[in-house]
Each structure stands twice: as C-alpha cells, then as structure tokens.
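Quick setup: one chain, the form predicted on its own, written in structure tokens, and binding and motion questions come after.
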C-alpha cells in the first residue's frame, strides 16, 4: 500500500480528509501529485475535503480477489465530492444505493491496510 494512501486513510479516520487544489486554476487532485494535471502549475495546496459525496455509480461484486472473497457479494461505490474529487469504496449500512444519493466517507483498518467505505446519509 502506498504511503500517500495510508496518510489519506488516516486523515479520513481522524475526521479530516484532504485533497490537493491548484492555486492557479482550482483543479482538484487526488492522489497527491507535484504538478497540476490541468495547467501544470506546481502551486498545489492541501484543503479539507467535504464530509459528504454524491454517488456517481455502484456495482455489486459477486466474485472477488482472495482478500475479499469471504465478503461477497458486496457493493462498490464511486462517489464524487463537491470539490470534484472522486473516490471508490465499499458500501456499508445498506443493501444498495442509487446514483445521486449522498454518502459519508469512512475507512476500515484491515490486516492488509486501509479500506475506503461509504455509508448513506439517510
């Protein structure tokens, strides 16, 4: 697991997730990088990420890698934050979710590292 992801997951766990924003054009970036993917500026600053995100897509996984095989079926969600950052994680606390619904982000610490999770706000 890459160190940037461990740092990011720990910040979610602490209740202060962050992303990088370009000071020149405002482009949001995650994972962290040294150059803006939109305008190539090197003036990126760390900002706090919203507490909620909107579900962009979801799918139910029936067959998985060995580390997650005992958890199937499970639902993977792609959620977009107001800042434009998208994250992928597993759904918790619901049997399903539709695009447009609002979720909160969380993490679970596992033997093999951190897992991003989303829970419905309703």
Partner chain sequence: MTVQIAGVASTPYGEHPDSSTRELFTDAGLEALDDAGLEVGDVEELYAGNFIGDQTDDQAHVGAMLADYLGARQAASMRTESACASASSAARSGAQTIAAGDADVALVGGVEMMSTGGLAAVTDALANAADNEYENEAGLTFPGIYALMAQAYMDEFDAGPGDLAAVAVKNYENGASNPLSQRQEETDVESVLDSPPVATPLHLQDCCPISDGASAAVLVSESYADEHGLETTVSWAGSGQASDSLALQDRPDLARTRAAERAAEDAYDRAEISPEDVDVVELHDCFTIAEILAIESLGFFERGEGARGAVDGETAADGRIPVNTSGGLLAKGHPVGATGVGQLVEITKQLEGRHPNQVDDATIGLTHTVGGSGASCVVNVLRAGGA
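Bear in mind that the values here come from a model prediction, so they are computed numbers and not experimental data. Positions refer to the first chain, counted from 1.
Not pictured, yet referred to below: the form predicted in complex with the partner chain.
For this session: Using heavy atoms only and a 4.5 Å cut-off, determine which of 56, 48, 43, 52 is in contact with the partner chain in the predicted bound form.
Result: Contact with the partner chain in the predicted bound form is made by 56 alone.
Exercise. Closest heavy atom of residue 63 to the partner chain in the predicted bound form, within 4.5 Å or not?
Worked result: Although the partner chain is absent here, residue 63 would touch it in the predicted bound form, with heavy atoms inside 4.5 Å.
Exercise. With the cut-off set at 4.5 Å between non-hydrogen atoms, does residue 26 touch the partner chain in the predicted bound form?
Worked result: Residue 26: no contact with the partner chain in the predicted bound form.
Exercise. Is residue 67 close to the partner chain in the predicted bound form, meaning a heavy atom pair under 4.5 Å apart or at it?
Worked result: Yes, residue 67 is a contact residue.
Exercise. Taking heavy atoms and a 4.5 Å cut-off, does residue 94 contact the partner chain in the predicted bound form?
Worked result: Residue-level check for residue 94: no, no contact with the partner chain.
For this session: Would you mind checking 72 to 95 for residues with a heavy atom within 4.5 Å of the partner chain in the predicted bound form?
Result: Residues within 4.5 Å: 74, 76, 78, 86, 87, 88, 89, 90.
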